[in-house]
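Single chain ahead, by itself, as structure tokens, in the form predicted on its own.
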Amino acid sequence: MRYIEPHGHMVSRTTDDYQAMTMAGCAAICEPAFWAGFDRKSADGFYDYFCQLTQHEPKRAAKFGLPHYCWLCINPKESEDVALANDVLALIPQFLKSPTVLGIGEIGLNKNTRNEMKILEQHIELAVKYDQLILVHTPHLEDKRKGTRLIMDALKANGVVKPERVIIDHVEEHTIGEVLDAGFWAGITLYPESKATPVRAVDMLENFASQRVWLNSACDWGVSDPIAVPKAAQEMRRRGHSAAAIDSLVYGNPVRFLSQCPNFKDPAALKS
């Protein structure tokens, strides 16, 4: 089986994880910028982080034969500090020239505050200005639906953003339908203790059209599983889904979305 990990925070993972992913069939990894587990105090910390994502982590992944791509932003949690967020936003354009950058992400909301909304809107404007794809983080809150709707409203209000160039991640049973109906892509995140289990993810896939859906592990420094995507594929096989349907979901769909960025190269094409 082959698959693409479209959302994994590999700077927080070990080389054993890279090896396990390779053995499980991973063909490429995409890493969004995210919260480091603590609030960074200055834009200098983000400059170093963006260097790590664009220069150093691709070299580490390459040791395991894996192409590594990334997304850039200041995450919603730290964007509450508007002055810091503005300093970080000013850094991003110089890194967009990197050949492994896919777009702006993972942007979105954490607690649905005014400051978070302000920085979200500025991220959207930046993506439009530089013609970038957008990867969205939806809040880990009981009011996830409210946060998801606020994000979609901001994207629509921009007036230029094309929904097919936006993936809204961490959808759950009560948000996936609205995201797909609005024309966006939807990401289902597989976490052992939160978000969706493989069983819940496949339930969602069986209840909604999967042409604009991808699965991801979002593995990070917390309790998470870097090979969660192949485990979900195993659940699909158990339920009788065809090999072609599984491949279309875990490999074909990420390729279709990510190929909208000229920096992304289909791993299969690179091998042919």
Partner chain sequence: MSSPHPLSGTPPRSREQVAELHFMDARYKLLDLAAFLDRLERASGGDDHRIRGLRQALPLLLEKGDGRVAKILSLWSDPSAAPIEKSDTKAATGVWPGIK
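Since the structure is predicted, the reported quantities are computational estimates derived from the model, not experimental observations. Positions refer to the first chain, counted from 1.
One more form of this protein, predicted in complex with its partner chain, exists but is not displayed; see below.
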Residue among Glu164, Glu125, Glu173, Asp87 with a heavy atom within 4.5 Å of its partner chain in the predicted complex: Glu173
Of Val101, Leu190, Ile92, Leu150, the one that lies within 4.5 Å of its partner chain in the predicted complex (heavy atoms): Leu150
Per-stretch contact check against its partner chain in the predicted complex, the hit in 126-134, 174-182, 92-100, 154-162 (non-hydrogen atom, 4.5 angstroms): 174-182
Contact flag, Gly65 vs its partner chain in the predicted complex, heavy atom cut 4.5 Å: no
Proximity of Leu205 to its partner chain in the predicted complex, heavy atoms at 4.5 Å: yes
Residue contact check: Tyr47 to its partner chain in the predicted complex, 4.5 Å heavy atom: no
Its partner chain contact at Ala83 in the predicted complex, heavy atom, 4.5 Å: no
Contact set, 184-203 vs its partner chain in the predicted complex - heavy atom within 4.5 angstroms: Val199, Arg200
